[in-house]
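Take a look at this single chain, the form predicted alone, given in structure tokens.
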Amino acid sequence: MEVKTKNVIVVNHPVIKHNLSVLRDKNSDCEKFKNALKRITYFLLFEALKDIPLVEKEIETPLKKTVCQVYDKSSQLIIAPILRAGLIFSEIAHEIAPHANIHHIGMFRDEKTLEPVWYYDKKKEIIENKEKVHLIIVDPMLATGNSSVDCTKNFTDKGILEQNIVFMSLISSPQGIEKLNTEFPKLKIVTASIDEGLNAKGYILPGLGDAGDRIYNTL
């Protein structure tokens, strides 16, 4: 299935490709899986955070005063991991951007209908200066796109601008990308791989299995 959108960035790097092979290998244990995922996450986050606003600040080095660029603290950065697999992404995101707010989103997929089922939504009900909010939704798998669309709508309904949202995934399906991009054409998708497609149960092929189970050793 061909992906027709200009808003998808596939981050290609030898380190990513090698570690994707570790993630896909059914013989990789929990420790290997998590470490490989963490390595890839840094690359994805650097791309996802590329448009975060900066401001100039004067500092003093041991030798002289100079002007540097720093995070614009008047612009709110929200990292929204979809539980539970998205947690490992948010941990690294908070390490890179400690000023970010972490808003946990709890949902799982109904295996019969393939529709998302909500069970947790930890975020501010009132978001001030909505036009200055930058949101990164993180979830290892963009499969059918149902959960990603639901999650994104949850934030746009609160007034966050679509063009200020990045959906970051480890692996994406063409179907999921098309659905998310159709609903939110201004949103940017950052991923490490666009796989072949989905099977009858809505799982990505060739994929890597259930990311949450393999991260938390609950197979």
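From 1 onward, residues are counted along the sequence shown. A quick note: this is a predicted structure, and the numbers were derived from the prediction, not measured.
Below: the form predicted in complex with a small molecule, not depicted.
Proximity to the small molecule in the model of the complex, defined as a heavy atom within 4.5 Å, holds among 82, 143, 136, 93 only for 143. A residue is said to contact a partner when one of its heavy atoms sits within 4.5 Å of a partner heavy atom; residue 210 meets this definition for the small molecule in the model of the complex.
At the 4.5 Å threshold, heavy atoms of residue 23 stay clear of the small molecule in the model of the complex, well away from it.
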